[in-house]
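Only one chain comes next, encoded as structure tokens, the form predicted on its own.
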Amino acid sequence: MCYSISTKKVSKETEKQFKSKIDSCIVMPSHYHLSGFTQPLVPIISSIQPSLITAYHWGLIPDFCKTAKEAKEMQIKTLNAKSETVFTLPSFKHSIRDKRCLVLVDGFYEWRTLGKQKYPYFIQYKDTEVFAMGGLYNDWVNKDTGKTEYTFSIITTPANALMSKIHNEKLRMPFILQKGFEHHWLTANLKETEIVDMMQPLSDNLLKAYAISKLITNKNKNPDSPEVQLQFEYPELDFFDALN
């Protein structure tokens, strides 16, 4: 799955890469670490405005939610959308057809399990720069207040070889668009088969990953800092990998 990301490198330079302008009405969310469980604002490009980089809250609220309480509870469950069920689950089946988005990040965090221990990793595109995850969005209107909540989910796929080693319990990874082809995901009127064909694991030779310290789970420290992404050596991991 994918519940923790980095958006620190999303900047004016990103406009050139994605041929989209940053929304002048927002402050770009630029963080070393964001947890989806806090429903943070994350930079996205939506299919309805493919030339604009804006920011939506992580955790899609579907139209069938009636109250703010119901919507808040739903967001915890919709941080991710599985590629295999996205056309059938009520939370996502209406968005996948014409409300697709690019989620702009420069890396994400995942945990590797060995025995009873979990080891955090930071995973990036091979050039270490900003890349796009495929997502879904929905604009939900609170009927009590009239306020619109702009929300999204990140799609996940089965893990590639690299992510199978790291995310070795769930065997999942975010759906990542190959660079140069990102806007294909936003194309209008795609057939279901075309969308399904796109939702495949990115080749592992396009990604790089390394272990980081457990600062990311230290409740007494702020993980939104440069230190969270520093490489960290675990002798037990080196020993285990040498045996395999």
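The structure presented is a predicted model; accordingly, all values stated were derived computationally and were not measured. Residues carry their position along the shown sequence, with the first being 1.
There is also a form predicted together with the DNA; it is not shown, and the following applies to it.
**Q** Please tell me whether any heavy atom belonging to Thr38 falls inside 4.5 Å of a heavy atom of the DNA, as the geometry stands in the predicted bound form.
**A** Output for Thr38 is yes: heavy atoms within 4.5 Å of the DNA.
**Q** Taking heavy atoms and a 4.5 Å cut-off, does Thr156 contact the DNA in the predicted bound form?
**A** Heavy-atom contact with the DNA at 4.5 Å: present for Thr156.
**Q** Does Val141 make contact with the DNA in the predicted bound form, using a 4.5 Å heavy atom cut-off?
**A** Answer no; every heavy atom of Val141 is more than 4.5 Å from the DNA in the predicted bound form.
**Q** Would Leu114 show up as a contact with the DNA in the predicted bound form if we use heavy atoms at 4.5 Å?
**A** The answer is no: Leu114 has no heavy atom within 4.5 Å of the DNA.
**Q** Among 144-152, 97-105, 121-129, 83-91, which stretch has residues with heavy atoms no more than 4.5 Å from the DNA in the predicted bound form?
**A** After filtering at 4.5 Å, what remains is 83-91.
**Q** Heavy atoms within 4.5 Å of the DNA in the predicted bound form is the criterion; list the residues of 170-204 that meet it.
**A** Residues within 4.5 Å: Lys170, Leu171, Arg172.
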